[in-house]
Each structure stands twice: as structure tokens, then as C-alpha cells.
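Given as C-alpha cells, the chain that follows is alone and in the form predicted alone.
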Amino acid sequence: MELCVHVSGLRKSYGQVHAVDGISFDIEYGKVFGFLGPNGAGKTTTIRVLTTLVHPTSGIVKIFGKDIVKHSREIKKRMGVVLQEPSFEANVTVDRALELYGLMWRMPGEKRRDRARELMEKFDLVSFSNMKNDELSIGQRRRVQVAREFMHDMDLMFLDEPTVGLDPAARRTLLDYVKKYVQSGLTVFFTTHIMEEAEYLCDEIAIINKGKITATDTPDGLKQRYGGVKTVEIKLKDSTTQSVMHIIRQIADGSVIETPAQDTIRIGSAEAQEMLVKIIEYLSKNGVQIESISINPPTLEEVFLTVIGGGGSGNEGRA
């Protein structure tokens, strides 16, 4: 199968600093690839290489089957880019900014105007369409920046923390709009610090730390591989946690125990099922009734913290 993006052994160094240190990954057409990592991990440098802003120090990078150094101009015509840095035309009104962006991409007049109207409505820009960009709030400018990129047709889109400054409703609007385009064949390279966004949008996720990819898999695959700790929550009926905590601490020795309410016990454990059996046996023998029990899988955020804290090493692929 032809790949939209192929990266093998990519390195980018600045003097003695290896910002990206031999990473490899592939992205299929029509997929959303999440690229997660802490600040300074190498995400932005990778994006700058893939969007042809800087040349790699070494390694192979192909987009649409073409080398990014030899065919950069051809590749750039088929991609869209929303970077972290704010980008707007200060003295230009919102509606005019979209029009100008369409003109830059040589879109026909009618198509350009139709697309601008659609984006203005979708990203809730109509009410301030006649305002200049430098009169807008940070969140409003970000919405214009993202909407503007959708003015032209593309095969690959880079979204580098696109929801920074957006409220929850605007974030969901953006993610849903991206999903719509992905269903039509768009490929997306996506970075975020909000793990719920990554889980909602991404087909596959790579976690990068200190210039190296430490884990790559689907969101569910990552949780299965690295999410050993599960959360057990027990809600008691007609009893308080104080009456049973001394035994719970013995059974769940070494685990994180919380009491979010007087009748609720929450325990984080890698041996959740075995521990739960012992707790139920004890409560039953002592006539303590249970109202509800749940075992919750780890969140993607918990997996992320495990991996960057040393849970994975090397350029790992799928299990």
C-alpha cells in the first residue's frame, strides 16, 4: 500500500543538540496520526522538517511517495499547515482574510466565496466577519487561523496544537470538521497536549520523548500495552469507608487508595481483579453490603505519563 508519509531514521541536529534522533514511522492515506510528547520532545522540529521548513540532518522522508528535499515545492501544493505560532493579517477583516487565502491558492471566484461562507458559519465567525484580525480575542484569531487553512483543497494537513485558546465547544467543532474531511480521504498529522482530543481523533499515536519515539500504536493498543494500573471503585451501601479502611489498606497494600466520598473507595492497582475478589470476600463475611462496583481502564493520559516516565524505550512498533 502506498503511504502518505514515510519517515525512516530521521535526524535533525543543531550543533551538538539532537532535537530529533533517528525516528521512524509511516502514515497511511486517510488516517489521523497523533504525535504526542512533552514540551521540548522534538514534535515541532519534526513538523518543521515534514513541512519542508527545514532540511533534515539525515534520514529518509517521503511524502506522497516523493523525497521532501527534492520535491518540496510540489509537495507543499498538496498540504495544509496550522502551526502553534499565531498567524494572522492584522489589518484585514475576517471575511477578507479568507478570501485572500483562497486567492493565494488560485481558487475560482464562486468556489472561493462558497467555501468562505461555509467556513464562516461552521467556525462561528459570522458575527465578527467585518472586524479586523487584530481586534479579535486570542481564541477568535485561532478559529480564523484554522478556518483559513481549510479554504483550499489538500491531501495532507498538519495541525500543531490547533485547539490552543479555544473553548470546549469550538474545540469539538474543529475536531468534528477534521473528522469530516478525513472521511473524504484527508490525512492528518496531529499534535496536542489534551489526551481526550487524541483519543477522539487519532487512528494511531506515536509518543516522542527526548527526540526518540518510545511507543507507537492505536489508542486502545497503547492502553493495553502500557496501562497496567486499573482503577477499582467500590460504593458501599449503608456503611462508611472508615469502618472497613483498616482491612482495605492491608488487602491493597502498596496501591493508591482514595475516598472521594464517605461511602466510596477508589483504588489504583495493577492486580485489580485479584484484589477486588479479596475485598468482596471480606466485605461479605462482615456483612458489609456493596451498592456498586466498577473497574475502569487506564486513561490515555495515564499511559502517556507512564511512557514518557520510562515505560517504553527505543523505536517500538506495534505489539
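What you see is a predicted model, and the numbers here were worked out from it, not measured in a lab. Residue numbers here begin at 1 and follow the sequence given.
Same protein, other form: the form predicted together with a small molecule, not shown, and the subject of what follows.
Trainee: Of the residues 260, 65, 38, 59, which one places a heavy atom within 4.5 Å of the small molecule in the predicted complex?
Mentor: Result of the distance check: 38.
Trainee: Is there a heavy atom of residue 34 no more than 4.5 Å from a heavy atom of the small molecule in the predicted complex?
Mentor: No, residue 34 sits far enough from the small molecule in the predicted complex that none of its heavy atoms falls within 4.5 Å.
Trainee: Is there any non-hydrogen atom of residue 19 lying within 4.5 Å of the small molecule in the predicted complex?
Mentor: It does: once the small molecule is placed as it appears in the predicted complex, residue 19 has a heavy atom within 4.5 Å of it.
Trainee: Taking the small molecule as it sits in the predicted complex, is residue 45 in contact with it (heavy atom to heavy atom, 4.5 Å or less)?
Mentor: Residue 45: contacts the small molecule in the predicted complex.
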